[in-house]
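Taking the form predicted alone, here's one chain by itself in structure tokens.
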Amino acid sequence: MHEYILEMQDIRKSFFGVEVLHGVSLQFKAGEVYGLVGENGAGKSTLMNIIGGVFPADSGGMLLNGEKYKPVTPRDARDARIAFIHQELNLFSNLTVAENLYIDQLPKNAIQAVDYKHMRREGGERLKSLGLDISPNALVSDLPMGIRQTVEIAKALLMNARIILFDEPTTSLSQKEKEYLFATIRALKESGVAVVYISHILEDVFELCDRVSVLRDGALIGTRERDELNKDDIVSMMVGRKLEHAYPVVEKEIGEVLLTVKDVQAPPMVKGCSLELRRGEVLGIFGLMGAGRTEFVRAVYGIDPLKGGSILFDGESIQKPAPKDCISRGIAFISEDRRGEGLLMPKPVDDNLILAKIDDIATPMMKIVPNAVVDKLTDISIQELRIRVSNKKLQMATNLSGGNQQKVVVGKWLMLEPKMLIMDEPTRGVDVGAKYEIYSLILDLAKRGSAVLCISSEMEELMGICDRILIMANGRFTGEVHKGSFDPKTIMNYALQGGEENG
């Protein structure tokens, strides 16, 4: 029996001529939860992709139970019983839950036809073990993001993996779902499975992990036992400096009402919501998963059908909201689904950054986009947001780390300097240093008179940047708290009310 189930030895990897991993060596033990942290672009996902057979290392090697391990494809990793739960989900939205669970290993009956009965029965049992009371026959496209994430985890557990790599697994989960996930991870540990846990949520790392390694700029900074570290130690190792404050302080003025929403309805999730948003104000919306937060802003923006209510923006009535019309009015929207709705994944970084600005900079007659202007604007955005990209014209959005993808989405909309910015989970998958930078840009935008509407599952984040927080439950606003009176217990009590009143 080898001490380490998997060893990575002096791993190096380059993209577009730029080395992104500089001789990293890691060792994972069976029956251990191993934490891997670092800023966006530090190399965490690249290491995991090498383990998972997504692409090979340029040099160095790996040992699996003391024997040479060199996967060429993800199937090689699966055959070695190594499961990889990506930050961005790998589910087929047009298939059922059961079909997704067994897509790599469809069970057959006696006549060699797909055994759907077995899939539904065993898949349903696995889902229940994770605390999910959903039908195996449900279409994935009909499920919220958090439920989809748990389906992905169930898919990995079905293969009886001996090593499971989790890349930001809790970013789409409710507190209850996260508790089930943690219980599952602890049970996996007790059964001898090696768990590698990548997360920007340091509280989760301290709660779960036995050892923690920190990467910075593609190099291993250090590995320590969890009890030897505190949060400040990890942050310092990650960013190379101490962060004195988690949230920036910006002096700004709140002006007149810019947006008025009255009795907006978008069944079945939104049951009559009203709010006012002022220039220079950052207004947060908090609620538990399923409260209707995302559905509310999608209806206001015209992404989903609006069935009732009225919207007044900048003195003008919006009868039938539509994204194109909202953009022309100066309203920007950062979706929680950056891959599906926020980015053109096969396009390079500079194309994505300039996407929303093209009409503004194109020449009036010929509609030609000047390259010099594009270069200047995208260079500024990359610098301000510290986007880790080796070549903005060659590197595709799909090849960025999850956090850097999110920063490209934020940069795209901030480039417009919108009158109003709607953000749905704006810092999901973003490291602690980059979060501060995004907060600073948001607050600076508000200081210049823009209005910001921010949805977040992180209560602390909303309390750190917002002037007011509206709390939502069961499709209605149930409470409102103002800066200076923020209290986690009060906010959570409103979130648990069940929508008995509308704020």
Partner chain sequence: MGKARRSPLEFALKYGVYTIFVVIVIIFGLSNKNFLSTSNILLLLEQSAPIMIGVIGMTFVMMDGGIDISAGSNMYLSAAVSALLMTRMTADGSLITSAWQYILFMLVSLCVGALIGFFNGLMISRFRIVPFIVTLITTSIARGLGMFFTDMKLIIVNNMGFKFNDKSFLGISLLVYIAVALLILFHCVLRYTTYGCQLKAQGNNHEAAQKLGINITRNTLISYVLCGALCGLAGIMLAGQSGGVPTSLAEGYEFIIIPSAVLGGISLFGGKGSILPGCIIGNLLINTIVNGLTMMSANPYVYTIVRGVIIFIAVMVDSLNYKGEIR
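Positions refer to the first chain, counted from 1. Since the structure is predicted, the reported quantities are computational estimates derived from the model, not experimental observations.
The same protein also exists as the form predicted in complex with its partner chain; that form is not shown, yet it is the one meant from here on.
Asks: Report the stretch among 255-263, 393-401, 308-316, 90-98 that approaches its partner chain in the model of the complex to within 4.5 Å, counting heavy atoms only.
Replies: Going through the listed ranges, the match is 90-98.
Asks: If the cut-off is 4.5 angstroms on heavy atoms, which of these, T363, Q383, Q112, N371, is the one near its partner chain in the model of the complex?
Replies: Checking each option against its partner chain in the model of the complex, the one that comes within 4.5 Å is Q112.
Asks: Looking at D104, E125, E190, D227, which is the one with a non-hydrogen atom within 4.5 Å of its partner chain in the model of the complex?
Replies: By the 4.5 Å heavy-atom cutoff, the listed residue in contact is D104.
Asks: Would all three of G290, M420 and Y436 be in contact with its partner chain in the model of the complex, where contact means some heavy atom lies within 4.5 Å?
Replies: Verified in the model of the complex; spot residues all out of contact, no.
Asks: Report whether the minimum heavy atom distance between P74 and its partner chain in the model of the complex is within 4.5 Å.
Replies: Because a heavy atom of P74 falls inside 4.5 Å of its partner chain in the model of the complex, the answer is yes.
Asks: Within a 4.5 Å heavy atom cut-off, is I134 in contact with its partner chain in the model of the complex?
Replies: Yes, contact at 4.5 Å.
Asks: Flag H86 as yes or no: does it have a non-hydrogen atom within 4.5 angstroms of any non-hydrogen atom of its partner chain in the model of the complex?
Replies: H86: yes, in contact with its partner chain in the model of the complex.
Asks: Taking 4.5 angstroms as the cut-off for heavy atoms, does Y180 touch its partner chain in the model of the complex?
Replies: No, Y180 sits far enough from its partner chain in the model of the complex that none of its heavy atoms falls within 4.5 Å.
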